[in-house]
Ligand SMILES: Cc1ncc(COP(=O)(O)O)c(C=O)c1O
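The data below hold one chain only, encoded as structure tokens and taken in the form predicted on its own.
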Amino acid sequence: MERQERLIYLDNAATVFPKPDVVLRTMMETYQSLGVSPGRGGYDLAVMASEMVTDVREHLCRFFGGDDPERVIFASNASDALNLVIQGMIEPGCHVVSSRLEHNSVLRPLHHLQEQGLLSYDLVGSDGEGRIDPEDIARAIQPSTRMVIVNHASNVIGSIQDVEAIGRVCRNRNVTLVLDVAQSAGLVPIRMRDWGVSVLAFTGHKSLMGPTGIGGLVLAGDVDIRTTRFGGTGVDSESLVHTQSYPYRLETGTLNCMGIIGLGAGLEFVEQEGSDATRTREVALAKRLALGLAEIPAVRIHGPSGWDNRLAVLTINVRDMVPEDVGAILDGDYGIAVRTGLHCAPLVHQELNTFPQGGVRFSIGPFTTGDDIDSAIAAMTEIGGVR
């Protein structure tokens, strides 16, 4: 099979690419006219920049079903946001419940803080379909449990959790629920208030259609997070104590103005297209890919058996082949970009019995076409056929 002239990009779970033209145009045009430091001056342009930032906070608050736009906090990405939460909420001797489906943005901070003797934690497993039983979380909660942290959707196998049921468990036990929506935001409607989510961590560069380098938190009204970073905020500058009002309590330095512009434009694009319609289309393409790969005897497909409550993410292995080699062949010979290895979620691969080599992940995006899927199936048929 000849190499494709056009890159076939099937790594959208890492970063959606390309970004919509309207998002890129809006970023450039708005930044050219409004690219000053928001909140750092009283002149008209600085005030307009601040108003733009406020508008995006308000949009995010509505989008996720939050309580208060001032409790929308900007960070660099979901990993950065999760670090703010974990390090700002733990207390010496506290306990945290999470899952084996988590990304290293949760696992590594928890491990580090446990190594420091500051907390203990338990990780619940999942069933054969990659889903967490809320009762397992209930059983793991202790009197000292400070928070429960789960991801809404797995970046390895795409399984979507029943957050509403998990939220009921946390409410009944008076435990803070932290939800990582890095994969699901923009594809699955999220009702933070209705689900009992106290803290939501998001990133902009995936299905929210924004650029890299922007993400953040949405906090319920009854949640407080300690300041763990200190610096300029543009307010209360006369004090050496970092201001404790939100959102400045958790934001330091000049905000990523261009990233916020792009995130706002991405949100508008997502709402115009319709997240349900986008996910339905992506899942249809993923089903098509799965059916094609299932015809290749050397290919083993991992994850849920069905497509209800699942994102368009498919992880596989090829018998007697290292995942990195499969990815290199797809890239070098066929012009197909996928992600190989452990996908920053090693414990998922332990549950799949694919540790330590990991797998080959195909992740569908909003601009993936049927021809892209057919090309991937044809390429994998050739690769799998030589085993």
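Since the structure is predicted, the reported quantities are computational estimates derived from the model, not experimental observations. Quick note: we count residues from 1 along the sequence shown, nothing fancier.
FYI, the form predicted together with this ligand isn't displayed, but the following is about it.
A.B. asks: With this ligand left out of view, choose which of Ser207, Ser99, Asn155, Ser198 has a non-hydrogen atom within 4.5 angstroms of it in the predicted complex.
C.D. replies: Comparing distances to this ligand in the predicted complex, the residue within 4.5 Å is Asn155.
A.B. asks: Just to confirm, with a 4.5 Å cut-off on non-hydrogen atoms, which of Asn256, Thr145, Thr227, Asn77 contacts this ligand in the predicted complex?
C.D. replies: None of the others qualify; the residue that does is Asn77.
A.B. asks: Heavy atoms within 4.5 Å of this ligand in the predicted complex: which stretch among 126 to 134, 290 to 298, 99 to 107, 273 to 281?
C.D. replies: Every other range fails; the passing one is 99 to 107.
A.B. asks: With a cut-off of 4.5 Å between heavy atoms, is Gln183 one of the residues that contacts this ligand in the predicted complex?
C.D. replies: Answer yes; at least one heavy atom of Gln183 falls within 4.5 Å of this ligand in the predicted complex.
A.B. asks: Would you check, heavy atoms only and a 4.5 Å threshold, whether Thr203 touches this ligand in the predicted complex?
C.D. replies: Yes, Thr203 sits close enough to this ligand in the predicted complex that at least one of its heavy atoms falls within 4.5 Å.
A.B. asks: Are any of the heavy atoms in Asn151 no more than 4.5 Å from a heavy atom of this ligand in the predicted complex?
C.D. replies: Although this ligand is absent here, Asn151 would touch it in the predicted complex, with heavy atoms inside 4.5 Å.
A.B. asks: At the 4.5 Å heavy atom threshold, is Ile373 in contact with this ligand in the predicted complex?
C.D. replies: Output for Ile373 is no: heavy atoms all beyond 4.5 Å of this ligand.
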